[in-house]
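One chain comes next, on its own, written as structure tokens: the form predicted alone.
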Amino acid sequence: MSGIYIHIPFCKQACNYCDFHFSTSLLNKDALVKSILTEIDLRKNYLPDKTIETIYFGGGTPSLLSEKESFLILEKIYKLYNVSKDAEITFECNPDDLLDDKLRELKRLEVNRLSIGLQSFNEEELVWMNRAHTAKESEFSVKRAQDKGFENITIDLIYGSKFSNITNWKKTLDKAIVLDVKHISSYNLTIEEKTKLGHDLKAKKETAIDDEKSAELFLEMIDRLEKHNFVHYEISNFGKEGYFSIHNSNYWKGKHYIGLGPSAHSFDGMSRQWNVSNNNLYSKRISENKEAYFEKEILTEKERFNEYILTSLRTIWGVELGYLKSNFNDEFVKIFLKQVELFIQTKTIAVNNQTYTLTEKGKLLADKIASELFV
């Protein structure tokens, strides 16, 4: 089973924290969609004999696509790939786009999972982030989607900003719980250098995120959501049973995927490739049928081992000793077994049936622990 990711690099306005590839000009949207359609043709043999289990429209803001544009992309994918009859089809949306007409469009397109970028229910914080929607739209967009028959809904929330405190965060989580969404992705705000927040930090107009405060909010989130039947199945993701993100879970499990559109990444098990992060250059090179629209690297065994440790350790499925022994050389396995003992002793990693997972204490140090287990 494999997945397809389509990067739609357009937004109404730039969020102050975002460093993803996007453009606020929609002038070249038609040309970009045509280029994505051409890339689908060019990539039809990238994953031979693989059934497509998930299709994910990400961005950017895919909800800025017209129904016809979305249909043409899906039509071509279904024509050229073997797509599972019950494939998970996810569409990322902003709350202000999810009006009745857009929701009816998505139903007609047979989208069965919505990812709504709420980020916050706090009006002042949304303005500070430069989001295009209001706090009321955050709430109403979910209710409208549910009224139109969308059950599989995930929302994004951000914590750790200067507006975050334990009282406000509890209210935010409680509001999400009351909305009865089935999945929540929640990220600690990081200030990236090339964003507006990054520039403001450098100019001392903003202050760095407080790690202790973020840790407190993170632990509160785990406790509160787990009490309401959410499973903390990946560091930043909580889902009710039967509503985990299949697409993202497959990334963490090392399954193969195709990334379409500028800046999108692909993985075939042995190599990674990524498309150029420039809309005009991407379209130009695609039209010339040149492989120059992407770069590619063949992964060494060491790189594949480290990636497996990094992604698997973030999940409830953990690092499986049997998988390590079957897929990597004995020396790598010996190094892992020696290094992991320290984390078992400090109770940051637990082992059960030869599977290694992070404890709650370990989840606060996930990236650091993973790096210590690299070869």
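Residue indices: 1-based, along the sequence shown. Please read these numbers as outputs of a predicted model, since none were measured by experiment.
We do not show the form predicted in complex with a small molecule, though everything after this point is about it.
The shortest heavy atom separation between residue 160 and the small molecule in the model of the complex exceeds 4.5 Å. Contact annotation: residue 18 falls within 4.5 Å of the small molecule in the model of the complex, judged by heavy atom distances. Using a 4.5 Å cutoff between non-hydrogen atoms, residue 94 counts as a contact of the small molecule in the model of the complex. Under a 4.5 angstroms non-hydrogen atom cutoff, the small molecule in the model of the complex has residue 192 among its neighbouring residues. The candidate site formed by 122, 169 and 236 is entirely out of contact with the small molecule in the model of the complex, as no residue has a non-hydrogen atom within 4.5 angstroms of it.
Just one listed stretch, out of 40-48, 343-351, 322-330, 60-68, contacts the small molecule in the model of the complex at the 4.5 Å heavy atom level, and that stretch is 60-68. With the partner removed from view, the residue among 283, 188, 275, 249 that has a non-hydrogen atom within 4.5 Å of the small molecule in the model of the complex turns out to be 188. Put simply, of 268, 180, 156, 216 only one has a heavy atom within 4.5 Å of the small molecule in the model of the complex, and it is 156.
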